[in-house]
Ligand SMILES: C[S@@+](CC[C@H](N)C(=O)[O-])C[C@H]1O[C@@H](n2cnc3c(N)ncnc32)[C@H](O)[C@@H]1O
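In the form predicted on its own, a lone chain appears below as structure tokens.
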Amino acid sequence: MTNESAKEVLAGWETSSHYWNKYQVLIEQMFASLSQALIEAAGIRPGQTVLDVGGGSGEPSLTIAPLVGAAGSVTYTDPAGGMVRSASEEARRRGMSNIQFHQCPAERLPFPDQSFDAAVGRLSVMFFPEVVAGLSEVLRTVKPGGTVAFLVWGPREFNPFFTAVTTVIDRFVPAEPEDDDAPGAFRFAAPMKLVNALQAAGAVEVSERVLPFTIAAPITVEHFWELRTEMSDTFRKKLARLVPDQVAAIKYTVQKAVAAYFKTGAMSFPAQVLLVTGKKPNH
């Protein structure tokens, strides 16, 4: 990945951070089961030191901090300054004092070797500019025998939360051809792709598990449209190029397409992620 591409991806996250902050509580609710899955996969328990790589608006750091308690600590990292500010403000609001916040990319972690008992990344590794380099750096900071656990999106066809909007917008503003290795939500949707990268980075006992879950929240179809189109830098840019009538047509078509996921009056999308875990060698 070129430096220019990396800067473009980071700029997108910077401009999105305001919206992630706006929807922070909702996002936490929608993906709570994923934070729990990472905690279980990494074997996180009271008193441990945990690294959260690409923590975005604060998760899973905000969920892990009460679990590790005063005797433990969480170190949150994210390359986007806006995300770091949002997450640290939320931690202060909740009175959490055992989370340290650092603005840095996964490829350049400012921590000594063997600093952490475990490391986790929730839907973040897909956006590493240099994946194997980032994973190697994460492993460097983990103690021998320590666990690393990452969640990435599964295939598009199992994630209508994304595709329902993308499919409609692409009819109006055709998408550029995608490089399967470029940063993006579905970069590691192919089975074993992240497993191979983690092994290349030096992890052992690497495994992958398909994890179906439900993206649920007490919101309406109208609120869903706002959430999706505001939080995505790609969608914001595409919609800005259209006239109001076109945007209205897209909105109508999307809301019609997702109506089946709002039958109860609240949102409920089937979804699928891949949970990939490994360990740092003991020697």
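Computed from a predicted model, the values in this text were never measured in an experiment. All residue numbers are counted from 1 along the displayed sequence.
One more form of this protein exists, namely the form predicted together with the ligand; it is left out here, but the text below deals with it.
The candidate spot formed by F161, E226 and T229 is out of contact with the ligand in the predicted bound form: none of the three has a heavy atom within 4.5 Å. The shortest heavy atom separation between F128 and the ligand in the predicted bound form is within 4.5 Å. Although the partner is absent from this view, I27 contacts the ligand in the predicted bound form, with a non-hydrogen atom inside 4.5 angstroms. None of the heavy atoms of G154 is located within 4.5 Å of the ligand in the predicted bound form. At least one heavy atom of A106 is located within 4.5 Å of the ligand in the predicted bound form. Of the stretches 200 to 208, 80 to 88, 93 to 101, 141 to 149, only 80 to 88 has residues with a heavy atom within 4.5 Å of the ligand in the predicted bound form. Taking a 4.5 Å heavy atom cutoff to the ligand in the predicted bound form, the contact residue among S136, S73, T166, S124 is S124. Interface residues of 49 to 67, taken as those with a heavy atom within 4.5 Å of the ligand in the predicted bound form (partner not displayed): V53, G54, G55, G56, E59, in sequence order.
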